[in-house]
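Only one chain is shown below, in structure tokens, and it's the form predicted alone.
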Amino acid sequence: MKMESRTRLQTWLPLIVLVVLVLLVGLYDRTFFSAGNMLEVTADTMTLFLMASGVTLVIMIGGIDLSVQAVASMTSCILAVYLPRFGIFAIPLAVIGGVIAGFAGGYVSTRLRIPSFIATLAVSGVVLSAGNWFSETKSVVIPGELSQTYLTWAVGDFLGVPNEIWVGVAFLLVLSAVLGLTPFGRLVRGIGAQERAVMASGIDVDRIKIAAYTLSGTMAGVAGIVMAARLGSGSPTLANEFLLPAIACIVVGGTAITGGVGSIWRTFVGALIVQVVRIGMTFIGVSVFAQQIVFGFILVAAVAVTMDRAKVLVIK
């Protein structure tokens, strides 16, 4: 009975929190409830969601990926630098950069038996240097005509809905299908819940882990491309403030930091919660740097609620 109550709490609490926060912010500023503002808020959420969606898979297997903000920044630099030279082919080139970074983090962690936070932190340093090398340590502007030609899928709108929302919803559906309808998704949950049992059944656990990290790097790369398209430039520091909010929205959405429990739609709800909290803090005049403190408290509180302490007998 206790387990069933915990499951219901993890499922419905994020949605309840989101509704309460929207009502509170809306009561503070009635214009918040307008359709245009709601669409704008959702569009602004999508880059954070795209980055967090890949990390969700890594956390569900019991790992962590600390390289995603550096990967997003690097891919924005690749896109900005090579779009004038290669045109539309700069987009898959940037995504490949994310794929390689994610694969490297997973390979180092699994094959060398290094804790994931150390492996991905090391990859983050390498990726950060690569971003500075591609951009020559400066922000690179994407010419407006190139943006209109090759990046309209990430900017503008379709049927009155910002294209960022369409992109986010598309990846939400695809990743949800991968996690819920494929053997890979079932193995991700299984590894997070009982890794030894999965290994005993003859499954190559390392291969699944590497795939999860690779998807995380891929989604970080997509997030970096969308960010660069929206801002009209790439920079090696473009996503510097996104790591803590990304992890926060995963855990706030109900994905257990100990693995085994979670979903992509929960991360989407968590991203909306983080965005509404950010907007609320902006309304009352909280600085961007102070907001990181608030996200830190939110992360601690969310972990306290969602963490399965039965899996971690000793806290180190």
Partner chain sequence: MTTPVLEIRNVSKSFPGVKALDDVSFAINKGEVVGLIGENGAGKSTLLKVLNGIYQPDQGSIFVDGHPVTITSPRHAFDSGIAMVFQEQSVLPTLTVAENIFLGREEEFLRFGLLSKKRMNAAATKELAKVHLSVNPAMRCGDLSFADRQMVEIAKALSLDTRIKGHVTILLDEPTSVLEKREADLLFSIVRDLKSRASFVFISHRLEEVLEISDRVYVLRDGKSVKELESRDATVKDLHQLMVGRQLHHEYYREARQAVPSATTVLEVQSLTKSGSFSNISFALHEGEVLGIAGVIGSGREDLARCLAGHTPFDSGSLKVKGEQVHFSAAYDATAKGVGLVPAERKVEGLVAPFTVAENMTLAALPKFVSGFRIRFADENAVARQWIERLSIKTPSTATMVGSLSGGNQQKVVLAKWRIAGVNILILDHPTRGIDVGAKEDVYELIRDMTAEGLAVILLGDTLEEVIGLSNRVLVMRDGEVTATFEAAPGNKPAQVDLVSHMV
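Everything numeric here is computed off the predicted structure, so don't read it as measured data. Residue numbers count along the first chain shown, from 1.
Below: the form predicted together with the partner chain, not depicted.
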Interface residue in the predicted complex among P92, P84, G180, G156, criterion: non-hydrogen atom within 4.5 angstroms of the partner chain: G180
Of I165, L172, L187, V99, the one that lies within 4.5 Å of the partner chain in the predicted complex (heavy atoms): L187
Close approach of A197 to the partner chain in the predicted complex, 4.5 Å, heavy atom: yes
Touches the partner chain in the predicted complex: I203 (any heavy atom, 4.5 Å): yes
A193, heavy atom within 4.5 angstroms of the partner chain in the predicted complex: yes
Heavy atom contact within 4.5 Å of the partner chain in the predicted complex, the stretch among 203-211, 118-126, 226-234, 148-156: 203-211
